[in-house]
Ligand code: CIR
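Just one chain follows, in the form predicted on its own, and it is written as structure tokens.
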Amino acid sequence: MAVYNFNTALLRAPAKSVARGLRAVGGEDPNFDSIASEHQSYVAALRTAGVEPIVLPALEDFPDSIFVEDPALVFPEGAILLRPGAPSRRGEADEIAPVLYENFDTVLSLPEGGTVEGGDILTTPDKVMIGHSARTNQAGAKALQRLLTELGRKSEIVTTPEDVLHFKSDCSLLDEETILATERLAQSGVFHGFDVIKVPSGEEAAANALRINDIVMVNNRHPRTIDLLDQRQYKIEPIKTDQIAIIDAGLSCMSLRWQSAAN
């Protein structure tokens, strides 16, 4: 089974406090109604891709909680509760834990001391790549490796480019042999053995695409990347994330995805 074959996804509805979410640069706040609309379109796209979404209620005390991929990881073998590097997000793992215990027989937890955010984790067919970043420190990365070993998963610690929020801000898995990446990350050599498609200059944010079953979801603001992938005969689903992008969102961070035997 391919690592991008899923039938279930976990999401969280955006809170009205989402405009206060963390972001790299200032500027005008996003519009809540527009974020809610974009999130609903994202949910609809998941259904189109063959995934049944589980949408958790909004958490007003956690503006960034719409990004459910950061406080947890899920695999067919089990789930891992993480410890986000941003202090304001530390409570999100506790909030998402109950639904993970409902859906997985095995739920592990990152120990105190280290930090890991799911946006730094890329699962490939042969290993899990852990991006060392400002949000995922070395202690957390090593602790995560031990937990992945418990689940029977191989892993490798790699480096997230400087001034990049998350490792997957600059890359995504398109299929078992192909990675979509920015020029700066492609040049690092971390994807040895993969066919690397580089996003066009100026469309770096498009590197965070999302492969689900036979569909590749791509931000609709990046037409050259869409054309590039279309030429490679990928089935593209353009997704609008204009307002969500203001708070540094990517496509992968808004859902946790897995293959459930129950569906």
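All values derive from a computational prediction rather than experimental measurement. In this text, residue numbers run from 1 along the sequence as written.
Just so you know, the form predicted in complex with citrulline (CIR) exists too; it's not on screen, but the next bit is about it.
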Proximity to citrulline (CIR) in the predicted bound form, single hit among Ile96, Leu165, Ala79, Ala181 (heavy atom within 4.5 Å) = Leu165
inquiry  = Can you tell me if Ala15 lies within 4.5 angstroms of citrulline (CIR) in the predicted bound form, counting non-hydrogen atoms only?
reply    = no
ask   = Wondering, does Arg89 line up within 4.5 Å of citrulline (CIR) in the predicted bound form on heavy atoms?
value = yes
key: 4.5 Å heavy atom contact, Arg135 and citrulline (CIR) in the predicted bound form   = yes
task = Would you please decide whether Gly131 lies within 4.5 angstroms of citrulline (CIR) in the predicted bound form, comparing each non-hydrogen atom pair?
result = no
key: Residue stretch of 59-67, 234-242, 219-227, 196-204 approaching citrulline (CIR) in the predicted bound form, non-hydrogen atom distance within 4.5 Å   = 59-67
ask   = Is any part of 233-256 within 4.5 angstroms of citrulline (CIR) in the predicted bound form by a non-hydrogen atom, and which residues would that be?
value = Ile247, Asp248, Ala249, Cys253
